[in-house]
Ligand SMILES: NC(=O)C1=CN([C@@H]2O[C@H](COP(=O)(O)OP(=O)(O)OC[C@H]3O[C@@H](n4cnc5c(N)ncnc54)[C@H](OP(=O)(O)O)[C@@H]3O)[C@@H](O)[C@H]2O)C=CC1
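The chain below stands alone and is given as structure tokens, in the form predicted on its own.
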Amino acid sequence: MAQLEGSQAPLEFGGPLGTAAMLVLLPATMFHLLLVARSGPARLLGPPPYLPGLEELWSPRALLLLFAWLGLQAVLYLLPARKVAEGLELKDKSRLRYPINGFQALVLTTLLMGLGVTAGLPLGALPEMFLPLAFATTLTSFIFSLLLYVKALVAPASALAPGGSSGNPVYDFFLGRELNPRIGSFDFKYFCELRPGLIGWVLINLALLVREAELRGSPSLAMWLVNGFQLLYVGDALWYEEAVLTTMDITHDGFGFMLAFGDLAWVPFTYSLQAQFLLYHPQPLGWPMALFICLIQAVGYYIFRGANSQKNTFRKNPSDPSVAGLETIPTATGRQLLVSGWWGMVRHPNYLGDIIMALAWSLPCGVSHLLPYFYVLYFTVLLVHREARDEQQCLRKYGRAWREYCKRVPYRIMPYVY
């Protein structure tokens, strides 16, 4: 990987040129998916049916809705939490504190939306506003990232992320200079990571389900499956919210455009692609196939949750009876590397579960179009790339112990394949 003069870490994502390209390609891909999902051919690899003009993209009402949504989630974030957790130790030996109330926010949001629909809130009209909402969110992400970049210019060196202080403004704007930008106790990265985008994804899916019921009398079985599977995924992430404090996003990556746009725009508008597709391209789905898809989802979730729970339990308390008997490799840092159980099967069993679940989310959309499978393809590439980044980090951190672990566990994500 390239490295700029004075940089403390190798450059990722193709350096300044690669990140500059992604500043354009990521929003362009999101708008392409939104446009082709509602088009007749629904071709993933074909051109969009048309290019919307500014009058179709810009809407003060959409911007107001976005700010209302962000404001609601910020208020819920500030409510008393069922628990306050400490993050990992920082460069200055301090530990930040985080409210663990994401699941509470999901439940309260659901109740508020339910009351709103009962009172006449036209939730089914939301899909008609996807383009202006996506445009408002993208614009907000750019401005927000610029403010974060400016804020980081006056932050102490100890507050900067390992990879976001290269000295190149484009690269640092994309990756993010400051590791944990905060105002008071309000942590912007932690807030965006699991709140507005993930819960917004659930809301968008629900709006698509409501709209399908309005158009066809009732939601299809395929739409119910997609909504149910993805609600389980979001609910799981928020129920186990504390686990995010040890992920690469929180511990290593700065908060810049990559995470701001990804959390606020990319997640809700592209992860809901299957439900969008089903609204405009209804697919027949019988109960035998539906049960088979549910089995695939169950297998994926079993692997995903089992691997993550085992890792989180071991990190919290290696003496816990459920993990005390697992074989480990000692490291120079004092930490132990699991080399049995789920983590003795492959190096990232949670990624394997993620990919299997992603396939289950797409299968209700049939096999006549490639478009609903964009998430599987994209997420597989994302996880392979993320695994490679993690590999480099672990090698630098654990050295010989990590090489020994790789010999003992040769497969990275999928046994006997990769």
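Worth saying up front: this structure is predicted, and the values here are computed from it rather than measured. When you see a residue number, it is the position in the sequence shown, counting from 1.
The discussion below concerns the form predicted together with the named molecule, not included here.
Overlaying the named molecule from its position in the predicted bound form leaves no ligand atom within 2.4 angstroms of any backbone or C-beta atom here, which marks the pocket as open. Stretch-level contact check against the named molecule in the predicted bound form with heavy atoms at 4.5 Å: of 69-77, 210-218, 331-339, 103-111, the positive one is 331-339. With the partner removed from view, the residue among Leu383, Ala360, Met30, Ala62 that has a non-hydrogen atom within 4.5 Å of the named molecule in the predicted bound form turns out to be Leu383.
Screening Ala85, Met248, Ile143, Leu121 for any heavy atom within 4.5 Å of the named molecule in the predicted bound form leaves a single hit, Met248.
Within this chain, Lys311 lines the site of the named molecule in the predicted bound form, having a heavy atom no more than 4.5 Å away. Under a 4.5 angstroms non-hydrogen atom cutoff, the named molecule in the predicted bound form has Arg315 among its neighbouring residues.
Using a 4.5 angstroms limit between non-hydrogen atoms, Tyr271 touches the named molecule in the predicted bound form. Not displayed here, the named molecule is approached by His348 to within 4.5 Å at the level of heavy atoms in the predicted bound form. Taking the named molecule as it sits in the predicted bound form, the stretch 56-71 never comes within 4.5 angstroms of it through any non-hydrogen atom.
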